[in-house]
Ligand code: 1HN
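Shown below, as structure tokens, is a lone chain in the form predicted on its own; questions about how it binds or moves come after it.
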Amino acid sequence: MDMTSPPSQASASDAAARKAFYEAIAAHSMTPLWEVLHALVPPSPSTPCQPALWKYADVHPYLMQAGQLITAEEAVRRVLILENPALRGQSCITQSLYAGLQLIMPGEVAPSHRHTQSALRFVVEGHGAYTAVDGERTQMKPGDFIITPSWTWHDHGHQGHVGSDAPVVWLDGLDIPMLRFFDAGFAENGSAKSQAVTKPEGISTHRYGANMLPMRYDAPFGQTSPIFSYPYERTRETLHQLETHADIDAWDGTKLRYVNPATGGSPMPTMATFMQRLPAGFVGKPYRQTDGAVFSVVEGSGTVMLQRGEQSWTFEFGPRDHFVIPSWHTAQLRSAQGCVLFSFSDRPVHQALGIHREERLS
């Protein structure tokens, strides 16, 4: 049987009989597979998501206005969600991923809580803020990638001075829609506004981030990386050295994936994270992949051209802009002056299920 072909045309009498049959079984919460099989198993990956671009110049004033309307403590997390235009009201940027821009003002604390959802923070703008995870703090600087493992206590704060220091903004990426699909989302608020700091800052990097592990490694966060802060300073230097001394990939430029140093796999079980450098004058070849990806522009500017069937989109992006490339949309990256892009996707789940596909087109 061709599972992608629609059912054949029926005679008027057959159609009437079938309609009556469908109405009868509907009363017993049943429906015929043959009426929907071609949609359930399409000939190629299909998504309701649309490509979208959020220009930081447009978003920033609303973030600052939010900072005047509600405190971080009252909001718990003062975030403007980046909703996919085709999925409004569902609090997601793809069907499996959540993204939002979080703001914290000088002197504020976003109170301690924990949840089963895994979270990433990618710092977009500002200095003076910190994230605390499981008793350890890390400073947040632009370009830093920070992990909040599942079910770990965490809070955020800004130690700057009110009136003299600037707010800090970061991109939140979570697997909220994924856990919602499995009905496995739980959360718990902390008893204290800020958790007690019980470990020296940077201890996780010293313990796990020097290409060495303790003799009796205990995987403190399960399948999640034992390092929860990946500073941009080190990442940027690596990208620079590779751009100077290594071959440039025709599709991705210089692209690296963040890893869990204990396994070599993704830093989180549900989300992969990447950083890439497009050199000046880069004209990338087109590609498509089954994992939808969210991008944050760290430095520079460029263009992403997207196509899906007869539809096409072209986005001009600059520093601190954000965009999403949904599943199986053909993408092509270009940059006249050069740029650096951070991105995250649900690739680890695709790979664990054995369903990930990527096509690099010429």
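Start at 1 with the first residue shown and count on from there. What you see is a predicted model, and the numbers here were worked out from it, not measured in a lab.
There is another form of the same protein, the form predicted together with the ligand; it is not shown, and what comes next is about it.
Item to complete: Flag residue 176 as yes or no: does it have a non-hydrogen atom within 4.5 angstroms of any non-hydrogen atom of the ligand in the predicted complex?
Response: Contact check for residue 176: yes, within 4.5 Å of the ligand in the predicted complex.
Practice prompt. Indicate whether residue 156 is a 4.5 Å heavy atom neighbour of the ligand in the predicted complex.
Written response: Yes - in the predicted complex, heavy atoms of residue 156 and the ligand come within 4.5 Å of each other.
Discussion item. Even though the partner isn't displayed, in the predicted complex is residue 257 close enough to the ligand, meaning a heavy atom within 4.5 Å?
Written reply: Because no heavy atom of residue 257 falls inside 4.5 Å of the ligand in the predicted complex, the answer is no.
Worksheet item: Is residue 137 close enough to touch the ligand in the predicted complex, meaning at least one heavy atom pair within 4.5 Å?
Response: No, residue 137 stays farther than 4.5 Å from the ligand in the predicted complex.
Worksheet item: Is the ligand in the predicted complex near all of 115, 121 and 172, within 4.5 Å of a heavy atom of each?
Response: Heavy-atom distance to the ligand in the predicted complex: all three under 4.5 Å.
Worksheet entry | Which of 96 to 104, 270 to 278, 190 to 198, 224 to 232 sits within 4.5 Å of the ligand in the predicted complex, heavy atom basis | Flagged stretch: 96 to 104.
Worksheet entry | Sole residue of 236, 141, 77, 180 within 4.5 Å of the ligand in the predicted complex, by heavy atom | The residue in contact is 77.
Worksheet item: Which of the residues spanning 285 to 315 lie within 4.5 Å of the ligand in the predicted complex, based on heavy atoms?
Response: The stretch does not touch the partner at all.
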